[in-house]
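Next up is one chain by itself, shown in structure tokens, the form predicted on its own.
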Amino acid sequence: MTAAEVAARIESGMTVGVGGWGSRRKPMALIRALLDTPVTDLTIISYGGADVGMLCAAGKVRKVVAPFVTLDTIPLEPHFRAARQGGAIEFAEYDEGMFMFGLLAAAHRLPFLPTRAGLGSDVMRVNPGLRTVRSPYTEEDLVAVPALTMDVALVHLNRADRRGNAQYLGPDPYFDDLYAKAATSCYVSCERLVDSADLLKEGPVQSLLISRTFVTGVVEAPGGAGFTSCEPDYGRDEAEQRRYATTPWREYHDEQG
């Protein structure tokens, strides 16, 4: 597939999960293709970075569900901040642990999972829709984190084969496998397509993060995470990230062609 073909399958009003973490291994080629479509009213589920910021700046987003939206070396993503402060989007802010339990619940087709994360914090106050449940074993009250189900997941990995088996080679898998399992359809972009027999030439079997069972389509996109990092293939392009963060959105987007 091409990135444009993936973007064409996303419809207005859908819930889209985006893999990676902050400004690390984000599927930016797929996000940029989505910017070129007429879709709007999206709900974005993400350990957010420039993916969230660009989609907010382009007016594609109705709601963001995230524990943070950061560019790592720039603490708060500027376009997300502008959209949030301007009241242009809804925002459900979860604790990082709660967010992971939401992904786990969706991946396992459960309505929710209980956790202590969030108890005693303002996360319950700013999310009045969250509920607690009482353990039938210990009588302990726990947060019932709802499943973060999604129509589509977009993730970027280092290597993949044409069938959808995908491999990370960097220091952290993030939670891309949970996104793949939680979504109705998952699309993987990768730095390089390889033969299935070659997947283990660069990493151990544990680096095979995503099974083809959960993948709808694969896009070969060299540099497809840039300007975010995709270790060990390349690091974050800090100069380009600073330019993105300091250039008016329309000017920056038009320069991208």
Partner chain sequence: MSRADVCVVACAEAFRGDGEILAAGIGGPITTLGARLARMTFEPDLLTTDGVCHLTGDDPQVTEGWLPFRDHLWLVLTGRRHVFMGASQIDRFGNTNISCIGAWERPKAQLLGVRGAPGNTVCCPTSYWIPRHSRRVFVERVDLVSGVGGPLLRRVVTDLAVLDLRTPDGSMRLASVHPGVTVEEVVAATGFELVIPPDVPTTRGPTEEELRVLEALDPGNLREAM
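Residue numbers count along the first chain shown, from 1. No experiment lies behind these values; they were computed from the predicted model shown.
Omitted here: the form predicted in complex with its partner chain. The next part is about that form.
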Could you tell me which of 131-139, 155-163, 182-190, 116-124 sits within 4.5 Å of its partner chain in the predicted complex, going by non-hydrogen atoms? 116-124
Kindly indicate whether Asp95, Tyr168 and Pro171 are, all three, within 4.5 angstroms of its partner chain in the predicted complex, using heavy atoms. yes
Although the partner isn't part of this model, could you tell me whether Pro67 comes within 4.5 Å of its partner chain in the predicted complex, counting any heavy atom of the residue? yes
Is it the case that Leu76, even though its partner is missing from this view, gets within 4.5 Å of its partner chain in the predicted complex, heavy atoms only? yes
Is Arg81 near its partner chain? Define near as a heavy atom within 4.5 Å, in the predicted complex. yes
Residue contact check: Ala144 to its partner chain in the predicted complex, 4.5 Å heavy atom: no
Looking at its partner chain in the predicted complex, which residues in 145-162 have at least one heavy atom within 4.5 Å of it? none
